[in-house]
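The chain that follows stands alone, in the form predicted alone, written as structure tokens.
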Amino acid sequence: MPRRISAIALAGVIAMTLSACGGGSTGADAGGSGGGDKLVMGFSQVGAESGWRTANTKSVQDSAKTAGIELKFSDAQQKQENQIKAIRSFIQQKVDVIAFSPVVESGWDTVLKEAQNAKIPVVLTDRAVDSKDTSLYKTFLGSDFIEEGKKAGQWLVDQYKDETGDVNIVELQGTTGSAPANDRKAGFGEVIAADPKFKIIASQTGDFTRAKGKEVMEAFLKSNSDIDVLFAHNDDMGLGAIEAIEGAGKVPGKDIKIITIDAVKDGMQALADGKINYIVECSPLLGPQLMDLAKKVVAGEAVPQRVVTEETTFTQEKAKEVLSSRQY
């Protein structure tokens, strides 16, 4: 009889323990990730088009591991259809939270509504969507791209404040339809519009890649004999453009002033070397903040609708100071 009582008591303890591990009301416990207690995140990345993106991916992967979050990672290869397919796969797998950096701004409402109906919270990271229904995502973590464009434009205005002649600008835009391309162009244009001497004589996408940046800059140089300034929406396109400028027998940073955005290590080296004149920082190290936000939204905690990353700007002198310790 005592043995039977002990067995019953032991069974009760086991049942209570299983209940404690599997119960509760978090997204993971509600069925996402197969009912385990480890939070599972589905993350869809834009691609691997630049040094910035590679650093961003590493930050997300490393931070997930540190935070004890299981990461299901998908590379969209810069195609929206791949990203939508990945998000639908995450919904089918019943992950606890979905995070993604949208390839373009438009066309997300349907798939985000599917996630909402499945009660899976969504976090936007790095790039925004233009949906009018902001209930489709919990928060957006990333840079203020309009402000980045404004900073680039303000440096240019300050540099040429005493000049009276026209300043001819060519622009290497990011991926057509993407938030950083749209916003950086808008911010830059807004600042320089106050003075009619600043003229954008050519503007074309370089898809945020070094190879495309070089190709488009070569075309700019062939069709425009008098270029004073290049504004590239990221470092990689600017670095590609430097190759084209040198190939045309001109001196980057002197014959053509160059402004870029990102501040990846290769860009910072070019700035320190005088080939780039000014860089506006856009930090890719969003992983730790993303994991923190993911845990909060899964737990049902309130989070800000918009979380802006803190960033700075770099001149040649500042680049030299920090180059040796640059992480990406």
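Treat the numbers as computed from the prediction; the structure is a model and nothing was measured. Residue numbers run from 1 along the displayed sequence.
Below, we refer to the form predicted in complex with a small molecule, which is not included among the displayed structures.
- In the model of the complex, the small molecule sits within 4.5 Å of a heavy atom of Asp126.
- Among residues of the shown chain, Ser50 is one whose heavy atoms approach the small molecule to within 4.5 Å in the model of the complex.
- Mapping the unseen interface onto this chain, Pro180 counts among the residues with a heavy atom inside 4.5 Å of the small molecule in the model of the complex.
- Although the partner is absent here, Leu290 lies well away from the small molecule in the model of the complex, with no heavy atom inside 4.5 Å.
- With the partner left out here, the small molecule still marks one of 92-100, 246-254, 180-188, 130-138 in the model of the complex; by a 4.5 Å heavy atom cut-off that stretch is 180-188.
- Though the small molecule is absent from this view, in the model of the complex it lies within 4.5 Å of a heavy atom of just one residue from Met268, Val60, Cys282, Val298, which is Cys282.
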